[in-house]
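Okay, here we've got a single chain as structure tokens, the form predicted alone, with questions on binding and movement later.
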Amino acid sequence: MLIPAIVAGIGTLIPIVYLVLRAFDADLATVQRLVLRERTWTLMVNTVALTAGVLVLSTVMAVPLAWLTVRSDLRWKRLITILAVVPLAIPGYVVAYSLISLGGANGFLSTLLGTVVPRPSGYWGAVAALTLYTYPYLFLNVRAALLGLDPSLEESARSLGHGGRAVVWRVILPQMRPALLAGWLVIALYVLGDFGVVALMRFEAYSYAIYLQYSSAFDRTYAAWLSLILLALTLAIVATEGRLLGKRKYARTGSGSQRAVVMTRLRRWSPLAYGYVALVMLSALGLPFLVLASWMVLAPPSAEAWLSVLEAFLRTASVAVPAAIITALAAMPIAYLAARVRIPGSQLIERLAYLGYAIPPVSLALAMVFFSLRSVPWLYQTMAILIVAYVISFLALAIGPIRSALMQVPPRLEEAARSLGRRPFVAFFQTTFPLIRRPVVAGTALVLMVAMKELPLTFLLAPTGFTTLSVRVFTRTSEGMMAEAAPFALAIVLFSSLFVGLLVSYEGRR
């Protein structure tokens, strides 16, 4: 498995190399003029401000909600937990479509109530749409940390004379640091790489500027430099997260079992808590579903429209299914190398695979364009180059569950099979693979769900005329055709909800 693991790991470097080569095609004076121009720094400020705004609002939404579902006597906590995760099935550009659909002369409120309100746009529109989609990532991390936090630590702090606020700041928050940093990192990476929301909201962040420069400018050197700056910003955030996390120990060191959690009684704060939960649920779930359902009622799709939805769905699946299968096949040797083989460079290959997920999709798409035009022009705007981009971008999603499963399977099973005369490859598929089959399927399904919703890679790399569900939603929303975009958005939400439902159905099971 060493050769395919090396090929898959190094394959993630190819687009970055070609992006660098394209960026340095210009002379030094041109590079300085491009990088140091005022617009570059404006884009930097806009991108950082957008990321910070989404992180603040998602924290305000996710942390109290996680505490209420774990530490309070709130009723229907399991249902609330499931509903809090369901927004992961609604892509950010669909949330942006829902917000935009509310306003304007042809908007939802104008059609239904005769009230014309301005359409959300710009910075606050982008922050709102991205927050409503990404807050479940932080919610899941914080909730898991609260479930694993030993209440005896808080009891010890109180016995030493600390009040409620001191316990939160000196005990709970330090223990939640890994969860907060992990959630913030995922959200920040998504915001930096998002294209659909910022494009629909007409907010000039790096990803939207890269697309405009690529699609409208004859000289694409500036687009390459913007992509490299965005990639550098992404890697800086990843490095900062690792430095902030440090090497502190968070596991309990005392003997005995963990204490049971004592639920906090809300009492007179119950109406406020239920009102907060209702506000979050209505904003993240009620708004998109209400807008989609209303458009389906106000402007029912024709039979031809449903045929177009089916056609777009089949096109989306024709790319997502092979990409998911190839990604799983490429992830297995890398996961095996990371979990079982201790040779120089094995960790580097795994890190290279994760690098593909860290590259913003717009930058990756632009790099694949440069790679195909320079080296393999016959691949330009083909299904093959799109599938390769999917594999590079989503490889890390499939590696995680497979590697975790391999670490739990004892190597002696393969050793016993080899001692009975089986070759190493045969021994692996007869002993280990049956035990990791379900994680492999889970990783494949996760990649499939993400690929079915993917927008920037498809929008920039797909063959001319090849329109998927996400592209149909984006193009129709950009043109103000809200009713026409509704059935395509609904198809994405329903399909993604099936996978999210399967995920949360195993909540709490062993």
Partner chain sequence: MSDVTPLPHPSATVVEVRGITRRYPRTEHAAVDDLDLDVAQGEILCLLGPSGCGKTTLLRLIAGFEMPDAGRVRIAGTIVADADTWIEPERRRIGFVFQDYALFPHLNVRQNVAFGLRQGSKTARLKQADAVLDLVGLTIFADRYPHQLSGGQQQRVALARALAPAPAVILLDEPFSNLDAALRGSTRDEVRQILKRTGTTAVLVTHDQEEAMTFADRLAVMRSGRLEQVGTPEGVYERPATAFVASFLGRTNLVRGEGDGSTARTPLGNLALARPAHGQVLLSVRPEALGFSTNGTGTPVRVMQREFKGHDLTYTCQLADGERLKVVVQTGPGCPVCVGDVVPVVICGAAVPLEASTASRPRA
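Positions refer to the first chain, counted from 1. Computed from a predicted model, the values in this text were never measured in an experiment.
Keep in mind the form predicted together with its partner chain is missing from the figure; the text below concerns it.
Think of it this way: in the predicted complex, its partner chain has a heavy atom of just one of L413, V309, A299, V277 within 4.5 Å, and the residue is L413. Of the listed positions (I229, A417, I80, I237), a single one reaches within 4.5 angstroms of its partner chain by any non-hydrogen atom in the predicted complex, namely A417. Not displayed here, its partner chain is approached by R423 to within 4.5 Å at the level of heavy atoms in the predicted complex. Although the partner is absent here, Q430 sits close enough that one of its heavy atoms falls within 4.5 Å of its partner chain in the predicted complex. Shown alone here, M263 lies farther than 4.5 Å from its partner chain in the predicted complex, counting heavy atoms only.
Put simply, L282 is far from its partner chain in the predicted complex: not one heavy atom of it is within 4.5 Å. Residue heavy atoms within 4.5 Å of its partner chain in the predicted complex occur in exactly one stretch of 433 to 441, 86 to 94, 130 to 138, 380 to 388, and that stretch is 433 to 441.
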